[in-house]
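Laid out below as structure tokens are two forms of one and the same protein chain, each shown alone and named structure 1 and structure 2.
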Structure 1
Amino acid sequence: MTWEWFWPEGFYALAMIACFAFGAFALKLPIAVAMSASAVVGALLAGFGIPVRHLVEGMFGYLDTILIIACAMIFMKTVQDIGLTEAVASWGIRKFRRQPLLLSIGVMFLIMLPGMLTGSSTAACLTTGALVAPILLKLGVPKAQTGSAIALGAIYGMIAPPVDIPVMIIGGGIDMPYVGFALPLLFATVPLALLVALIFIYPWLRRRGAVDEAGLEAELARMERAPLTFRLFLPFAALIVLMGGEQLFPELFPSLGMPLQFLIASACAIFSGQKWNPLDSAVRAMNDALPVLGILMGVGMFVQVMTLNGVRGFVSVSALDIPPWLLYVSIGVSIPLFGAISSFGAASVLGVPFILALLDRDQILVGTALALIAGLGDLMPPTALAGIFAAQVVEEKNYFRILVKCVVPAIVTVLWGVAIIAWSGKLAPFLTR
């Protein structure tokens, strides 16, 4: 630790982090409440009292992101309630039951899908993660491996396109539009997702010996409550048309924004031929999304106060002063560790200074890599959202058993992200325009 950390801004930063850790670990406060309390402590120490205006302004700092997650959760709950996700999962398992490699890849994509649409690893764990967990267990995959595959798949889905919240946050910090990220994000996440599928799912599906055939058949029969028809795919078809049309034919498709696109696609479920209660789906979606939305509000207050008392500027200047040989190490270590507060907070507080320190590199690829590394924050205790919810859906009481299995893939993820930054100049002609 250098003497700069005993300057006022460094002291404020350490005090805010200590306050958050005390609230989250010792007092067992919800993460959003602990972050809000640490923001108040940071303002008090700097002599600003309780700056209500700044706290409220910070609370709504990520309003766009909050609306996207909320509406995307409504969409995912809708397609879940009409039986689409279950019908697709059941069809895929029956179709590729004797092809374990394809089945492993298909299951991993299914886990990632809600994260890709919502930008939230929690959404992936609680929807398709909860859907495939009992199936994988009945296919003979152990709890720890099943939970690890769900946690990592949820994180890679959160970073994959079309919705990547950490990239949006980093881009917003340097006025970089969320354009041209689709191919880089796929390049960053798909190889890792395939690796996880091959490590945690494929070896067990290949054995076939420990399969609970009767339980598996009963589970698949339960999931086939809705016939797999084209009408059932109407919500997804509408979403693809709305999102794809806006990107490919902007002169023909108005820019509705992601929240409205998700809501319109959800409304198309009326024509799916299945009965469901839209109000009940929306209420349950909001209940599932509230922990994530609360964290975003807490992150907003935390970052707003860090800007007010000078901590954010201090962190930015410190990042710019890091020697080049130490910069990659700092990225690989500090961003995931700060993700213990929040992966979104890590993207905002550290992602922006690091991308400014790497202005000589391709900004799209650097932003992609930083977002990928920031996503690992969802594996860092005490928050560890992906690890906790993955353990919950596989009924594993000790979520650290899930986290231990994720250590090696997490290290590979960091190395992959750092490599993308280091080779961004050579990769840019192929991945960006």
Structure 2
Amino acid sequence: MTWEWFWPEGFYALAMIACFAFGAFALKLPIAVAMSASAVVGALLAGFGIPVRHLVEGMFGYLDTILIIACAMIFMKTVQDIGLTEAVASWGIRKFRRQPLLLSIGVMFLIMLPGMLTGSSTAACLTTGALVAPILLKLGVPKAQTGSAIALGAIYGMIAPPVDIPVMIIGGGIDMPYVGFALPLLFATVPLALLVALIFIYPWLRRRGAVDEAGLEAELARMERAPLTFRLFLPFAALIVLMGGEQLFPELFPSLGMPLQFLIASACAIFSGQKWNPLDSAVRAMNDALPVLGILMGVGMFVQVMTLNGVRGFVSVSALDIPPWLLYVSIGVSIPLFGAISSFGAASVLGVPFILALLDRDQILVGTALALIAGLGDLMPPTALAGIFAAQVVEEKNYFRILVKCVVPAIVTVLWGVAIIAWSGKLAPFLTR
């Protein structure tokens, strides 16, 4: 890297990172405040003063995500408070605990399902992730493994068809319609999801001896305080109808947006037959969600300022400035790292240039692989949405314990994605037409 290329954008980048690190680790500021401060420093150094308009506009980049998270969190608290989560967990344990392989694979599919329908790993973590977490924990799967399975399953669900937003973003950058991706996306995600189920869930479910049967029975009886009736299941059923209906029958179902869908589904808890205080659920949900929402706002400002002062271009072009044989390494490293800001942002800012650099390959397979790798951004701190929400549903205070467990599967995911790109020519006849 030459000095002319480094100065001043490279300096701005280092200064912004240093400011963030100082604020977050030395001053112990909340991550959101440290990010905001580093954005202000980046703007000041580049001579933009304190650009209020840019700081506000940057935050608005995450408005939809923030609303989805807040409303999904209310939904999660609601289904917990009416006893649905525990009732389903108890039913699942009684029904499938003698069939560990089936249960492992079934649980993984359940985790993926909301992500497949909505394209959001957050939705997956906070809905079916929250449902299966108590089942796995009660059957002896440790918190870290349960959380990791949920985080990774949610990401694979986000990438699996029918809805894959990163691949749509990448396709939009080269005018490639979202057609013909179903098989490639299943090929990219299903083997990895099965692998995670077999590594993180199956071995623990097989160890029957590890479970205290009497204690478990008492616990199951306590969890069944709310009988598992259709009325209890109503919030979940409403969510399935609203989300699934919009995706499968778009002509019939209005597009309400995920936040409203979560709120309507939560409101259905009134008819569940259980005592429920909506205000209490909402307040606790917001309390839990606020730190993450703050981080997203801080990251929004950070992204806007790094675009303003040229750091974004410096990072993007530096990622492309590599010998051809290092291109795969760059894809595998830079896209997940950029995901620290946002997995969708990584798909746009780096996914599009990389697919343009690989125009001689099968575009559908390359787009699929880049989207898969971009999905890992949801494991990258400080945003790490999948990691944070998986930690919340398993009640693990330190989400880094979840992230550490995800490192090896994440590396396997990158290798799988790179392999799909490298062998796209050989795979294309089987997976695309």
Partner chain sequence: MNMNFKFNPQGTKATALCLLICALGVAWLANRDFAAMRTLDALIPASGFEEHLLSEWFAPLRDTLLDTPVYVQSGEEPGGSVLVLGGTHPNEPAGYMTAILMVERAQVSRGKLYVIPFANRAGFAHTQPQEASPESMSFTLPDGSTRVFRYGSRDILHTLTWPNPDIYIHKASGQRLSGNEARNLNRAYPGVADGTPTERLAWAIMEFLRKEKIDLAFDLHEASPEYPVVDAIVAHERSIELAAAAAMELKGRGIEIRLEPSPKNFRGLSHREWGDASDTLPILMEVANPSQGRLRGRTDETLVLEGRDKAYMKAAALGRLFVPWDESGKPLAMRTARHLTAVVTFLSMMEFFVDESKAIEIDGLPEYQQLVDDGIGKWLHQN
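In this text, the rigid core denotes the largest set of C-alpha atoms whose superposition between the two forms falls within 1.5 Å. Everything numeric in this text was worked out from a predicted model, so none of it was measured. One-based numbering along structure 1's sequence throughout.
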query: Chain form predicted in complex with the partner chain: structure number out of two; finding: 2
query: Rigid core fit then Ile31 CA moved by 2 Å or more between structure 1 and structure 2; finding: yes
query: Rigid core fit then Ile411 CA moved by 2 Å or more between structure 1 and structure 2; finding: no
query: Pro114: Cα shift of 2 Å or greater between structure 1 and structure 2 (core-aligned); finding: no
query: Core superposition result - C-alpha of Phe96, shift between structure 1 and structure 2, Å; finding: 3.2
query: Rigid core superposed, the C-alpha shift at His54 between structure 1 and structure 2 in Å; finding: 9.8
